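To begin, one chain is listed below as structure tokens, in the form predicted on its own.
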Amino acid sequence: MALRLTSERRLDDDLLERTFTLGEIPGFLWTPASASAPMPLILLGHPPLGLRTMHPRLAARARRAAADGFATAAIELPGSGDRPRRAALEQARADLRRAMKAGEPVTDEIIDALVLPLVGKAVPEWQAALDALLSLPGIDGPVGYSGGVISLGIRLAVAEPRIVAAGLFAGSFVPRAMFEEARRVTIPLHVLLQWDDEGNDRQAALDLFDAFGSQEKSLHAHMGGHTGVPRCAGDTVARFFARHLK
């Protein structure tokens, strides 16, 4: 798929934001405006809420990464934002909302239908985006992955050798099949867990961390719900990527 840059603007004194399309997939690329040498790249994972909705948070993460000398990028996930809706995914989301509203357990069948097709389609798209982004002037790797959906990060860590480190947010449902894939992850990992995340199974998140095959892995747990991530957590992630991408 060909990447086409569609707009460019400065968000502040030293952050350049460019929008692009990869085929029909929209995306953002952020770089330090004053960069003079090729820089590493961090792929910014995000929940399937749409890039427009996520833009303020993504741009804030990009601003911090740019201050550390990194380019960052994000693409729209399948079935999200302005991309065509996927009937099976919409049904899985509806089943999830129904179960949670009724206070019922979220079954393995719902989790599989919600996550596995999304990961299966999104990972090749992220790899195509990586091909295109690394061909741009000023971006040459190494590459990191930061954020959620955690199952997407797991699959990318296994399938994409250009990704050398990952910072993962343990805040999404994880199919049982992903635990076996987690055993094949060997790159350095920094995992963030919100201890009181109302929508996340804490024990499953701990079991997943235990399953990762990486020799270097750290788990940082903070009190608070899904959206209560403390500011200091970003500083710790930044230091992790500085160690592994510089």
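Everything quoted here is computed from the prediction, not taken from an experiment. Residue numbers run from 1 along the displayed sequence.
Another form, the form predicted in complex with another copy of the chain, is not on view; read the next lines as being about it.
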Interface check vs another copy of the chain in the predicted complex: of 63, 183, 220, 55, the one with a heavy atom inside 4.5 Å is 220
Quiz prompt | Partner proximity in the predicted complex: residue 243 to another copy of the chain, non-hydrogen atom cutoff 4.5 Å | solution = yes
>> So, residue 34 and another copy of the chain: in the predicted complex, are they within 4.5 Å at any heavy atom pair?
In response: no
Please check if residue 210 has a heavy atom lying within 4.5 Å of any heavy atom of another copy of the chain in the predicted complex. yes
* How about residue 59: is it within 4.5 Å of another copy of the chain in the predicted complex, going by heavy atoms? -> no
Another copy of the chain is absent from this chain, but in the predicted complex, do 7, 121 and 135 each have a non-hydrogen atom within 4.5 Å of it? no
With a 4.5 Å heavy atom cut-off to another copy of the chain in the predicted complex, the contacting stretch among 26-34, 66-74, 41-49, 202-210 is 202-210
Checked 143-172 against another copy of the chain in the predicted complex; residues with a heavy atom within 4.5 Å, sequence order, are none
